[in-house]
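Starting off, we have a lone chain in the form predicted alone, written out as structure tokens.
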Amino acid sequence: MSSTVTSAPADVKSNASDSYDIVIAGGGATACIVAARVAEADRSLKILILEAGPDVRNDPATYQAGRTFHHLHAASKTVKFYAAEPNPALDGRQAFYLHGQCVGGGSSFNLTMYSRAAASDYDDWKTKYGAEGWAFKDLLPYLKKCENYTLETPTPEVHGNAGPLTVSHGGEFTTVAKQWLEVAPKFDGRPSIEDPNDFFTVNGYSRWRKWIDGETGRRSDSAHCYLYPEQDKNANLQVSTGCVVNKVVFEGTRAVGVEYVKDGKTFVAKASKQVLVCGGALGTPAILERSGLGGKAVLEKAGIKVVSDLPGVGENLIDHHVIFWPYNTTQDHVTFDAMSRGEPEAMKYWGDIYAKEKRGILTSNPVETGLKLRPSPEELKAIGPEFTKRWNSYYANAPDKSILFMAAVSMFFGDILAVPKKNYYSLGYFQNHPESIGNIHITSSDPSVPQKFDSKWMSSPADMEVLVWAYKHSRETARRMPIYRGEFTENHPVFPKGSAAATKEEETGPVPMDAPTIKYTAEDDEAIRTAIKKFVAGCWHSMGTAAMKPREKGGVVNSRLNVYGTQGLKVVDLSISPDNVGANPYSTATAIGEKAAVMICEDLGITVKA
């Protein structure tokens, strides 16, 4: 790799200069939002986004929301894969993880789940971590500002209707979703509700809302809804792709630019006013550490001079533990399987429907339903004593917090190319606030050397017991659905011979609604734990690795997102989250981007509305 610093490449030199007012390292979801909002506020500002991945403008694989799985493979150009360290809590298994690497980041290929956290999740940022200005009441204006909520709701006061990101039901409603919404409430007695995303309501089954425009059928990603429209009006807002950011350039402790590599050559983009690091919870720690911002021991081992000793960089890696259990089903209803496998006949069929009618599974996603589950006293007892301490310290006094998100999925959710070609459905869940917390750090100053990523998934016994109970609960619902035809046994626990819990792959139909629940022995529970260790994964909802909290408590940025010990440098992405949020994180990412844009404008003396 060349170490020569040269002038900027041609696509950055449109204004015959490599100097900008603001340089943004990373072009993900929050970067697109903050860049567009600040550029809109003052179009004389020269702003540059440096993104390692490709542009996605008008790429059908991006704007057609149903094509998420076309991004999730080893040859993908829009995601970056990370290999975690072998995990003792997973019996030594080495898990793999992915992170967005394209313009728009995860918003360009995620499942478009319109999920919002509990109000108390944000209140914790202030009360537990001292993040002034980041409590729920402070963030609500920004959570509303981003969205155009087009559905009926009993709580319109918590939704926005004039923002760039449209929310709808999407253009498909499968048999899997309909049956789950009919069966699940009858099984456990929880009601069906109209709006599961009012920040306070839990324990209600609902058709899930999506970040999809119901009229055009297009994904509401931050690149197409924020960045590109502003770029079309503003030549001073530039994006350069294929740029691997090496580090922030300092004069003393003031950030004055960004060093990056493109086409094997090294360049520096100078920033006269501000540098923003927006690399996401896995990418941001690497940029910071290579820039001399991190724990002294980590930096010295990598041969990097310390600019600011911040041991919290790369620590506090939080996510949601997720698992999907697949079931065989009748073959006479629509699922996402064939299209997600990329079968030509299915692609043509659904592509024609999309082109003519802007509906169908390309305008939706396979997770069409959901439940934010908060356990009853009886369910808490069934989960067991390993979880009691966590419940009492974290959940008991926060009635808006749920411990799990549970859903039906209209496909085989996993390595879909490794299973027989047919239709499936899955029942899955993710744990909203796992106690297990990981870390990620560089081992070299060379950005091409992989980081050391220790996920620590399932390292807390409390986390394991929640997922064991959830397997039992979800399976009872699955086997009562009329389309149930047994478990896909390869991806279920292997129960002891003769167990009453043994899975059935033969074409068995559903059990009656009033059938007795399966009785599990201690040996059965151990079989479930073994299967969880084999199949559990991260949700790709990584957060927390440049946490917004006091420096002496492991914080990396203050409440104005300024990196401790530096000037002119902010972090603006989900890595600033000091604690987990009980939801898919895109809503939180948009609020961070919207609020950060206002802060940056304030720093620059530009008046904008919150």
Ligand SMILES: Cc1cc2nc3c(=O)[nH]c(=O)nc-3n(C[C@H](O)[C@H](O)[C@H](O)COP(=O)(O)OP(=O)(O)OC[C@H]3O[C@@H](n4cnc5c(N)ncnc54)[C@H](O)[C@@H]3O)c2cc1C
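What you are looking at is a predicted structure, and each value in this text was computed from that prediction instead of being measured. All residue numbers are counted from 1 along the displayed sequence.
Although not depicted, the form predicted in complex with the ligand is the subject of the following passage.
- Not displayed here, the ligand is kept clear of Thr363 by more than 4.5 Å at the level of heavy atoms in the predicted complex.
- The ligand in the predicted complex is approached by His99, whose closest heavy atom lies within 4.5 angstroms of it.
- Although the partner is absent here, Thr545 is not a contact residue: none of its heavy atoms lies within 4.5 angstroms of the ligand in the predicted complex.
- At least one heavy atom of Leu72 is located within 4.5 Å of the ligand in the predicted complex.
- Heavy atoms within 4.5 Å of the ligand in the predicted complex are found in one stretch of 127-135, 273-281, 389-397, 170-178, which is 273-281.
- Shown here without its partner, the chain carries Lys372, Pro434 and Asp463, none of which come within 4.5 Å of the ligand in the predicted complex through any heavy atom.
- None of Leu317, Val245, Leu404, Val183 but one reaches within 4.5 angstroms of the ligand in the predicted complex through a heavy atom, and that residue is Val245.
- With the partner omitted from this view, the residue of Ser474, Thr335, Asn110, Asn328 that lies near the ligand in the predicted complex is Asn110 [heavy atom within 4.5 Å].
- Residues Asp573, Leu574, Asn584, Pro585, Tyr586, Ser587, Ala589 are the members of 570-603 with a non-hydrogen atom no more than 4.5 angstroms from the ligand in the predicted complex.
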